[in-house]
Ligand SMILES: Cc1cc2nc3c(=O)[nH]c(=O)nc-3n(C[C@H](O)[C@H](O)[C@H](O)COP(=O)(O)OP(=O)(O)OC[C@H]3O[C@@H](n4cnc5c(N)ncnc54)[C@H](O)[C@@H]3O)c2cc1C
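This document starts with one chain, in the form predicted alone, laid out as C-alpha cells.
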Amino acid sequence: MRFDTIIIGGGLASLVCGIRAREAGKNCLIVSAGQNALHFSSGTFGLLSRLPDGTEVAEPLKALSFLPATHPYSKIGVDKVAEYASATIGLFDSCGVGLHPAPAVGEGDFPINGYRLTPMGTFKPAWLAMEGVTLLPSKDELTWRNALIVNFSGFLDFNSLFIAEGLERKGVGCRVERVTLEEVERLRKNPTEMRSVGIARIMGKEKNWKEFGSKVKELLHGEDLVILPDVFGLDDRIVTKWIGEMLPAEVMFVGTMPPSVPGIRAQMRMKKRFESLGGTFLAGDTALDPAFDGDRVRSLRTVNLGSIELKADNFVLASGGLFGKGLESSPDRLSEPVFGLDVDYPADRSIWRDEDFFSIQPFAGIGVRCDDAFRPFRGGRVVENLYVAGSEVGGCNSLYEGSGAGVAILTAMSVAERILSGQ
C-alpha cells in the first residue's frame, strides 16, 4: 500500500497535519495506537504562558523573541507562528470545533492569554477555549458576587469544595449543592462507569438534561453565577447552550479530572473531518519495522496489518513523547522506539526530574533531536523524509511553559507546509 504521507500518532498534532495534507489533496494515512493528550484536555489550548526563566507571558507573540534558538517556535519563526496561530480557529471551525479567544485582545488584535477556572479552584492561562468553555480576561478581577456550584451526587472527578475555596479567595461567595438523577445513580453501581464520559452519554438525552436544568434552577437563590461540571454534549455542544438558557444566571462549565468530554469531542470531530476528506485512519494499531534507503524511510509495517508494507514519500512522527509512549525510558537511557531516532537527554538520570513536584520537571522537555525543519537525526544523520511534530519535538518544556497545544498545532502546520512545498 502506498501513500503520499504516513503520520504516526492520533492526537492533536497528527490530526492537524493530516487535515492540512488532505485539504491539499495528499493521500494520507494516520496510524493511531490509542488515547492521546486530547482525552486529558481542559477544553482550552495554551500557546505560551511562561518563559523558560519563569517570566509570566501576557501576549505570546511579543514574548517569542525571548525564547532560545532551539525552541520549536524559534525554528518556525515569528512571522510563521503568527500566521499559523491566526489560521487555527478557521481550521478547527472546519472540523465543527468552535474556538474563541479571551475577551480582551493585544496589540494588532492578537488575543492575550485569558484564564480558565480549573477543577482545583485555580486559574490557569490559556490562548483559546473550546465553545462553551469560559475564558476570563483576568484571574483577579472577577465580576460575580455569589456562585452556586452544582455537582452530581457521587461524582468524585469534580471537586466542588476546591472550586469554592478558590473563588472565595477571590471574594466570590459560594454555595455547594448536589443533584441526584435516576439514570446517573445507576452508574454508581459500577465505579468505572461513574466518569465524565459515562455521565455525558446520559446527559445527551433531552429528558435528562431538562430534568437536571430544572433541579439546578430550583436550587438558585439569587446567585449570579452557576458552575457545573463539563460533562454535557459529548456529541453536540448545543446541550450546554440549552442548559444555559434555562437558568437565570451566568453559567460556567468547568473541566473535570480526565477523561475530558470537550477534548474527546474535539478528537472525534477532527478524526471525522480527516476521514471525510478521504484520509485513512488506522485506530488501535502500532507502527513498527521501518525500512530505510540510506537516509530516507522507505516503508513501515503495523501490528494489525502484519506483513503488509506501507510505503510513502514522507513520514511524520507525532506519537506524543514520554506521555504518549512515543519515547521509552529504561534505567539508563531514553529511546524513540519506532525509528530509533536520536534523543537529547542528560546522561545523569538523577537530573531527569526534580523532587519538588511543582518545580519545572526536566523530563517534560526531553525530545527527539531535530534540525530547523523538524527533520530528526538518526545515528547523527538527518532522516530526509521524516518529520517530527508535537510533544516529541525537543527544545522546550511545554508543560512548564503552558505551550503544549500551541507546539502541537504550530509544528504540525509547519511540517505540513514543508511537505506540501517539497522542502
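Numbering starts at 1 and runs along the sequence shown. In this text, all values refer to a predicted model and were calculated from it rather than measured experimentally.
Not pictured, yet referred to below: the form predicted in complex with the ligand.
Contact annotation: of the candidates L167, V338, V150, V197, the single residue with a non-hydrogen atom within 4.5 angstroms of the ligand in the predicted complex is V338. Comment: the ligand is not present in this chain, but in the predicted complex one of W209, F323, F155, W144 has a heavy atom within 4.5 Å of it, namely F323. Screening 324-332, 201-209, 94-102, 133-141 for residues having heavy atoms within 4.5 Å of the ligand in the predicted complex returns a single hit, 324-332. Though the partner is left out of this view, A287 does reach within 4.5 Å of the ligand in the predicted complex, counting heavy atoms only. Looking at V316, you'd find every heavy atom of it more than 4.5 angstroms from the ligand in the predicted complex. The ligand in the predicted complex comes within 4.5 Å of a heavy atom belonging to G46. The closest non-hydrogen atom of G390 lies within 4.5 Å of the ligand in the predicted complex.
Residues of 8-26 placing a heavy atom within 4.5 Å of the ligand in the predicted complex, in sequence order: I8, G9, G10, G11, L12, A13, S14.
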